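Next up: a single chain in structure tokens, the form predicted on its own.
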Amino acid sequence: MSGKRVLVVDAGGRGNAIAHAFARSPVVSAVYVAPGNAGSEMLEKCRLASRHGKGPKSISELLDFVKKESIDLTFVGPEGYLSEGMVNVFQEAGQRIIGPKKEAAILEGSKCFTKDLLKSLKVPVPPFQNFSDAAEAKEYALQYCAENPKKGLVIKADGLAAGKGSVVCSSSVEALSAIDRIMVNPRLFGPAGSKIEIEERLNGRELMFFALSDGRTVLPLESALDYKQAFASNEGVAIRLFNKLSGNPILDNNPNTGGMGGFSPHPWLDEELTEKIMRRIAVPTVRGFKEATGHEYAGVIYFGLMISEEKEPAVLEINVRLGDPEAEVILPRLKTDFYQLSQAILDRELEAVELEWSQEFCLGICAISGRAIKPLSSGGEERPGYPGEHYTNMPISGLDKIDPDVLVYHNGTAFGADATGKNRLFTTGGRVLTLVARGGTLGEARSKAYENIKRIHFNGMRYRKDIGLGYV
């Protein structure tokens, strides 16, 4: 078997990492990425998908592309396409595609549905309530905080919110503000906030746990410790300024992002805890979902967990795809052929697969669009930066100075002409680049990553300085 052609559907750094994993397979000759970004063409064997001079974006355009280009396998990265039923459409057309069907993607598409399902399956979850009325939600939050003054709440938009739909609250004031901002004004997450879930804030350590399912077998992947909050804990001044510019009255709230970096392997996920999560959470969820709905779950499944001091896990949320930036530090460590692994999912042969991993550490740092220095004469106003309003179209420099053994996955970049007509790389999103370094120890990987990221520059560039700190 040779010369296989793959389509990766993704626009960001996760898509770069998935494409890179497929490209390392000796049986794969070409990896197309749609819609992709500038980084999608900087990896060996990889290129942007194009039909009639433009990149396919809609499900129908993507289906037309795979038919015309004789694509052997499609891998879907983002949750949006999955929730829209892309897998259903492709399978009905006879195409081989990795990802859960629309009916199964509801596990990420509705936090309220998922928590109700998990509770019915006796999968451990925090105490929670669902609301579609803001006044009722506020009444519940006030009563809960009055009765539990030492406990906090987490307010979550029900629908898809690009990984930013959760607000952690330590008081009734913060909870009421979060409910207002999600459900009433300014409706931070749009229609995703029409319904919310309010759950008790659990104490412990968060863990992102990844697994593969072929509908019958569930196989755990290696995991990563990721950093979701926009700022390190010692950046109080920056946090308050961000919230002031964002119009958030809770000035000390450290906002969540889609991810600011991470590292793999996970520092405290051992075999005993992995076995407990598989037995109590992953396998019951996949099997219970089929029993409850009649639909199989096939593809990647990703559990956001809280692990108590007693090492007892509880599910905070479920995602139906690889995480970003977790994929950028997990997939480079995978030695198993990614194309053959994908085939095993489609052919329901995961039971026969034994995954092989590199013992190297991978540490990734995400460079994001922070507060750009924008001259007032240009008509620009001060913006807080990602995950809030941020500037794009900033020229990027320094990538040519990165060490050749360091990976650069592009989250939001594109090529364009600058004022002199020279072709340059520009920022196009809040998360711009994820730089990943490898090493025999976490300290080695961390030192290499921070040494290299200093060589990259764009107006407003910011990154957390504490990725991996405390574990070296």
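Note that residue numbering follows the sequence shown and begins at 1. The model shown is predicted, which means the values in this text are computed figures rather than measured ones.
In what follows, reference is made to the form predicted in complex with ligand AMP, a form of this protein that is not presented.
Q: Within 4.5 Å, heavy atoms only: does residue 200 come near ligand AMP in the predicted bound form?
A: Contact check for residue 200: yes, within 4.5 Å of ligand AMP in the predicted bound form.
Q: Wondering, does residue 126 line up within 4.5 Å of ligand AMP in the predicted bound form on heavy atoms?
A: So residue 126 counts as contacting ligand AMP.
Q: Since only the chain is shown here, I'm wondering whether residue 118 would be in contact with ligand AMP in the predicted bound form (any heavy atom pair within 4.5 Å).
A: Answer no; every heavy atom of residue 118 is more than 4.5 Å from ligand AMP in the predicted bound form.
Q: When the contact criterion is heavy atoms within 4.5 Å, does residue 170 count as touching ligand AMP in the predicted bound form?
A: No, residue 170 stays farther than 4.5 Å from ligand AMP in the predicted bound form.
Q: With ligand AMP left out here, work out from 150-158, 94-102, 233-241, 177-185 which stretch has heavy atoms within 4.5 Å of it in the predicted bound form.
A: Of the options given, it is 150-158.
Q: May I ask you to choose, among 195, 266, 390, 228, the residue with a heavy atom within 4.5 Å of ligand AMP in the predicted bound form?
A: Of the candidates 195, 266, 390, 228, 228 is the one lying within 4.5 Å of ligand AMP in the predicted bound form.
Q: Considering non-hydrogen atoms and a 4.5 Å limit, which listed residue (372, 219, 399, 306) is close to ligand AMP in the predicted bound form?
A: If I apply the 4.5 Å criterion carefully, the residue I get is 306.
Q: Does ligand AMP come within 4.5 Å of a heavy atom in each of 223, 271 and 360 in the predicted bound form?
A: None of them does, since no heavy atom lies within 4.5 Å of the partner.
Q: Along 293-317, which positions have a non-hydrogen atom within 4.5 Å of ligand AMP in the predicted bound form?
A: 306, 316, 317, in sequence order.
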